[in-house]
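This document starts with one chain, in the form predicted alone, laid out as structure tokens.
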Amino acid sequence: MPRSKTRRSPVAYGLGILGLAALLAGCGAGQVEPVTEQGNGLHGLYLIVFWMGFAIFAIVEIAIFYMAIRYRRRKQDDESLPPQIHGNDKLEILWTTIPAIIVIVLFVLSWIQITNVQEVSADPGMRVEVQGFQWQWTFSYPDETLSNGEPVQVAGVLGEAPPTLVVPVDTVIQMSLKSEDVIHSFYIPQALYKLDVVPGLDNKFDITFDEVGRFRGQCAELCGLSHAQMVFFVEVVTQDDFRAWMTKTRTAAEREASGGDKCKPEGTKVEVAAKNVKFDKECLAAPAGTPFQIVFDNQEAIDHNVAIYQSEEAQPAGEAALFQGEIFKGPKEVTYDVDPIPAGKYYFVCDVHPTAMKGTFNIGEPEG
């Protein structure tokens, strides 16, 4: 006996396709969970767009399979075409109105979220200045200053552990982004937001973290040879923990700014080296009122030099240097001869990488 054939309903085929689509949609379970108020709004908008698109996809696929199976050609069909119906005003209005409504709804929701994300507060709870440079970050807290008026900073160094930006939870933090060389991009994946860091522009945005934790950030713009190492972390802590961290960091910065107990003139020859776009010393010292030498060992195949300025702001402001050594490419060692400089506190920098390579230069009386 021939086997009986069970005819499956076209709806069953459609439901099978819908089930497959739902299974594929489940792959989105590993999506990034936002940790900021702004990110939560963007994530909600994403879910609305996703499920609207999924619903349209499911309806269209079910309709396609239903039509393909329900109206397929059969053996008993003759060669003549079925009745042709041209135009249906109600259907035309329906499939024009529905997409228009969907587009309008998505436009309004997107406009609300974009406006919310781009809003910059006139009175934020905290301000952070972010300086991007090849190939690391410097984070400054302009509202938290040292005794000399300079802001507390956390500076990244290429080749070392990434810098950590510490901020309090449930606080509106205004980020100000600047670049000293090329275009970078400040990106925190779990904030669902990134913004370009462009030379000559001061891009700002507000962000409010709503949970404590440690989150990774990175430069999302190909910016040169060591772009992959341009990463950082954001440490979100409680208000009390942030104050404790700030007190500890300020104390350490004050000690470093004063040169500590070891940064005293010991002779007329000063040695310093450059490696990984960083000086190996944060403080140098030389005697006052007498010529001295700086032995500079450039261990990198890129341009560096050593220059001495009156203040930390002098070099970026274009002021003349008290001393400006020759810029040269390494590996190479050069001895600079420096004329006498009056006693005082100065700053030494690399004119090529002034943000990443700088330190304190104490000119005073030698120990004896």
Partner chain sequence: MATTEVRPDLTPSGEIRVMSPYRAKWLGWFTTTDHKQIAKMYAVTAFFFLLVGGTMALIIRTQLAAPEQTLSLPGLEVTEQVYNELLTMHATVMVFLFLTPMLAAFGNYFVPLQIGAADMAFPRVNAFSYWMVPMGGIVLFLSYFTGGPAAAGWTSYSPLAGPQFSPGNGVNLWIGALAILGISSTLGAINFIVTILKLRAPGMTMLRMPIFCWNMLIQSILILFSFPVVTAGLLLLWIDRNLGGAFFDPANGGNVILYQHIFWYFGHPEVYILILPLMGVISEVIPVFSRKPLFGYKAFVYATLSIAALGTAVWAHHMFTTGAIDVKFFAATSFLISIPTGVKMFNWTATMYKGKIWWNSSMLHAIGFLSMFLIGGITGIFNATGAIDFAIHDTYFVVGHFHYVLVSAALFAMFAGLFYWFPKMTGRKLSERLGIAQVIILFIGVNMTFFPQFALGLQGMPRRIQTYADGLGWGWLNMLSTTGSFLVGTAVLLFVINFFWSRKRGEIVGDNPWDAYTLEWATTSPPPYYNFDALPPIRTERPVFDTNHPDVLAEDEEYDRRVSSHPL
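Just so we're clear, the structure is a prediction, and the values are computed from it rather than from any experiment. In this text, the rigid core denotes the largest set of C-alpha atoms whose superposition between the two forms falls within 1.5 Å. Positions refer to the first chain, counted from 1.
Form predicted in complex with the partner chain: not shown, discussed below.
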message: Please tell me whether any heavy atom belonging to F205 falls inside 4.5 Å of a heavy atom of the partner chain, as the geometry stands in the predicted complex.
response: no
- prompt: Looking at the partner-bound form in the predicted complex, is H227 within 4.5 Å of the partner chain by any heavy atom?
  reply: yes
query: Can any non-hydrogen atom of T268 be found within 4.5 angstroms of the partner chain in the predicted complex?
result: no
- prompt: Within a 4.5 Å heavy atom cut-off, is F65 in contact with the partner chain in the predicted complex?
  reply: yes
- prompt: Would you say all of L42, L195 and L201 touch the partner chain in the predicted complex, counting a heavy atom within 4.5 Å as a touch?
  reply: yes
field: A343, V32, V334, I302 - the one with a heavy atom within 4.5 Å of the partner chain in the predicted complex
entry: V32
task: Could you check which residue among Q153, S110, T164, Q239 gets a heavy atom within 4.5 Å of the partner chain in the predicted complex?
output: S110
- prompt: in the predicted complex, which of 213-221, 241-249, 123-131, 138-146 comes within 4.5 Å of the partner chain (heavy atoms)?
  reply: 213-221
query: From first to last in sequence, which residues of 102-124 have any non-hydrogen atom within 4.5 angstroms of the partner chain in the predicted complex?
result: V103, L106, F107, S110, W111, Q113, I114, T115, V117, Q118
Rigid core fit then R73 CA moved by 2 Å or more between the shown form and the other one: yes
query: Core-aligned, does I59 move its Cα 2 Å or more between the shown form and the other one?
result: yes
